[in-house]
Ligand SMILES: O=C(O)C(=O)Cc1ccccc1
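One chain is shown next in structure tokens, namely the form predicted on its own.
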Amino acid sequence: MPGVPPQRFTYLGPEGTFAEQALLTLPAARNGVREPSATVPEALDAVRSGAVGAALVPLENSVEGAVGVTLDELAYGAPLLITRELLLQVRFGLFGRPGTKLESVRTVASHPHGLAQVRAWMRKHLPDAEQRSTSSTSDAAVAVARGDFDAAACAAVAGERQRLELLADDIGDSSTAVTRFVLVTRPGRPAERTGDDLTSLVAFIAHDRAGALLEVLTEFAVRGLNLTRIESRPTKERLGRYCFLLDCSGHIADDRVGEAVMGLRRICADVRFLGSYPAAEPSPPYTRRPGTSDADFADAAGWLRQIRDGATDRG
């Protein structure tokens, strides 16, 4: 349950991936039992079955964008709850077997997302090297240690575990590349609000009328809620049918967020609440519409209660 640190965790494995590196930033995970899962669905199903208390899975990357399989599992699988987000700066190193020289590297292995994030470095430093895809950056390190490839683009933890040597450090094309992970548990009470939170939702809009998406966005805009992410995913019903995964500033316990979610409930075909949780970084400043602060909503609610109770209208 949110607020109670789970004792067993799973993450998108195998060992030595960026997901494990992110999970190890949580004290509860360092002190608990950690088990890798082969895929995102496997990790989330372990939570659904109760085999583990929580799973850490990637949600999006600042270079490659959304992780579709995670979005689909959260939108269409049995309900789960996001209890926090973790942001990890993705730093790739090029690792080879002891004695390997950079100029002798002819094959470089990594996950497809990893290869995409070192593309410019490879063109400049190893233009003739063949790039090979593996199921994870950690598997690339294992394959290099086994002798299948000359080098791996992977996290430092993976190279060190396979006793490989660092041939080149920080080879990513973007020094600010970040992967966003979410910690997911079984449904329960959302995490306590901190004053700087995010709320994640899935809105299944009605496709039989014009302006349906605009109606969804308006529910947030009129309440001064900042949408920090909006992602469309096919509903798998038929071509042209989509749902929208939304992140907004605020907590479900905030009056203005609660009103927005109720508004979505009234106008959408369906709404799935994915969780309210602390933002990993301070929310960027934005200009809030007049009358949309928490105090404004509390004042308006008190005023309406007085009218309903027959008290004197205080204006």
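The numbering used is simple: start at 1 and walk along the sequence shown. Computed from a prediction, not measured in an experiment: that's the story for all the values here. Definition used throughout: the rigid core is the maximal C-alpha set that superposes within 1.5 Å between two forms.
Keep in mind that the form predicted together with the ligand is not shown, yet the notes after this line are about it.
When the ligand is considered in the predicted bound form, Phe95 lies well away from it, no heavy atom lying within 4.5 Å. With a 4.5 Å cutoff on heavy atoms, Phe18 counts as touching the ligand in the predicted bound form.
Contact annotation: Leu12 falls within 4.5 Å of the ligand in the predicted bound form, judged by heavy atom distances.
In the predicted bound form, the ligand lies farther than 4.5 Å from every heavy atom of Met122.
Segments offered: 214-222, 109-117, 144-152, 231-239. Contacting the ligand in the predicted bound form at heavy atom distances within 4.5 Å is 109-117.
Comment: the ligand is not present in this chain, but in the predicted bound form one of Leu86, Leu245, Val90, Ala129 has a heavy atom within 4.5 Å of it, namely Val90. Heavy atoms closer than or equal to 4.5 Å to the ligand in the predicted bound form belong, across 160-181, to the residues Thr179, Phe181, ordered by sequence position. Once the cores line up, the CA of Pro112 ends up 2 angstroms or more apart between the shown form and the other one.
Relative to the superposed core, Val182 shifts its CA atom by less than 2 Å between the shown form and the other one.
In a rigid-core overlay of the protein, Ala153 has its C-alpha displaced by at least 2 Å between the shown form and the other one.
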